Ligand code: SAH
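Presented below, as structure tokens, is a lone chain in the form predicted alone.
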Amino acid sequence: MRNPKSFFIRTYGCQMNELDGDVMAGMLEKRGLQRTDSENDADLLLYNTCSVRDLAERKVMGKLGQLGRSKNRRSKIIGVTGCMANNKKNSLFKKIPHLDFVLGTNNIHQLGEILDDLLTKEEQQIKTDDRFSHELDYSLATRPDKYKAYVSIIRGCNKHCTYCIVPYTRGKEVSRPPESIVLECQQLVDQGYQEITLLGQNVNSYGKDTPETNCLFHDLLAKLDQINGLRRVRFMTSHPCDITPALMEAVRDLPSLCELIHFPMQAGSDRVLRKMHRIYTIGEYLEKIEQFRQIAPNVRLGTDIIVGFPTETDEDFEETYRLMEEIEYSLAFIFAYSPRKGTPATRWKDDIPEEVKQERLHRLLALQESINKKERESMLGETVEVLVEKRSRRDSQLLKGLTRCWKNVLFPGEDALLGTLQKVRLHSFTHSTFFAEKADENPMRLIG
């Protein structure tokens, strides 16, 4: 087995996986490997996987099986990292015998070590610890975006929702030291990054596992708000139980903190929520939403919804539908339930027919589209702040940017506006994109 000179990496799944993939790419480049966009041209093929949804796993398994049948298989090193590595562990070697190594989500720092062992011993290697215990060097991350960056603040999850594989693939919650996060964010701002999204399976739990730091999530947000030049901070994802009044006040008081907050409901029925082990009732959830909107009137909410969870009745679903109508989320990620092997929910029969799941899914998608259309119509004529990111692919005369509340905006402008905050006036929209014109001639240039 020869020492690889080039690598190809494909990442599946969430933003945390994307950041992990960027870190591993940086580690390989530091090792002297050259990144390529072609699987055929690479000596090392790395598949950074997701286990949250069945489709993602099936895509990876199909790709790995295809590689085993390719003519040039013997000239390549093939590795699997990410959640599927922790979920399936040694069984991956049985299903994919031509696989060279398996590296879990909590062992990313050992990528170089596993390659050395593979080259020296020339036998399959696996490292899949159950708990994250080694701080990654995030400065190595090869970030693809010029103005926006992901920053990991907490890994793992302690909530154990019955449908979710994450606690079993990423382990218990482990918070990064606050000074490490602040330093990384300051360095990113110094490099020209204008917007930072804080990542974690449950960011609101930040600091609860490290009481000695005396820094909970709202404290961390306050520290980041003091970074000179950092104009925008977002975070995902959240658990309603850990959204506190202190966090609500931070959304109101901290200029850098964007006003779109992820507040996942998952289902509108208390009975279904109990089966999901969401540990809150709809009454408690609605109380927090009312409190949030009282404290921070400008807040807009996003959610996750699962339809077709085992035993979900028509009445359960109608409760979800009614609550979505009532709450009017600005953003909603809606999915049909699919069982994930290794989760507690698999002890129940997946008893909702697929056609029923799809009918419920499309009803909620249609409802959300009508809510979004109403919201977009109400925003016409408003002047909003946009971070200008790139030119439109469809019309090179237009610049593309994102508002603080995650709305896509196109407006005419010159390249000099890229990487600046602009005030634009919304005048029309098509589906999910606004069209606008500059509201003034003085760009709000960002520091850093």
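Residue positions are given as counts along the sequence shown, with the first one as 1. The model shown is predicted, which means the values in this text are computed figures rather than measured ones.
The next section is about a form of this same protein that is not shown, the form predicted in complex with the named molecule.
No residue of the trio 150, 194 and 387 has any heavy atom within 4.5 Å of the named molecule in the predicted complex. None of 303-311, 218-226, 371-379, 177-185 except one has non-hydrogen atoms within 4.5 angstroms of the named molecule in the predicted complex; the exception is 303-311. Contact between residue 261 and the named molecule in the predicted complex is not found at the 4.5 Å heavy atom cutoff. At a distance threshold of 4.5 angstroms between non-hydrogen atoms, residue 53 is in contact with the named molecule in the predicted complex. The named molecule is not shown here, and in the predicted complex it never comes within 4.5 Å of any heavy atom of residue 128. In the predicted complex, no heavy atom of residue 210 sits within 4.5 Å of the named molecule. For the candidate set 273, 164, 327, 233, a heavy atom within 4.5 Å of the named molecule in the predicted complex is found for exactly one residue, namely 164.
A heavy atom within 4.5 Å of the named molecule in the predicted complex is found for one listed residue only; from 336, 108, 257, 289, this is 336. In this stretch, 189-213, the one residue having a heavy atom within 4.5 Å of the named molecule in the predicted complex is 201; the partner itself is omitted from this view.
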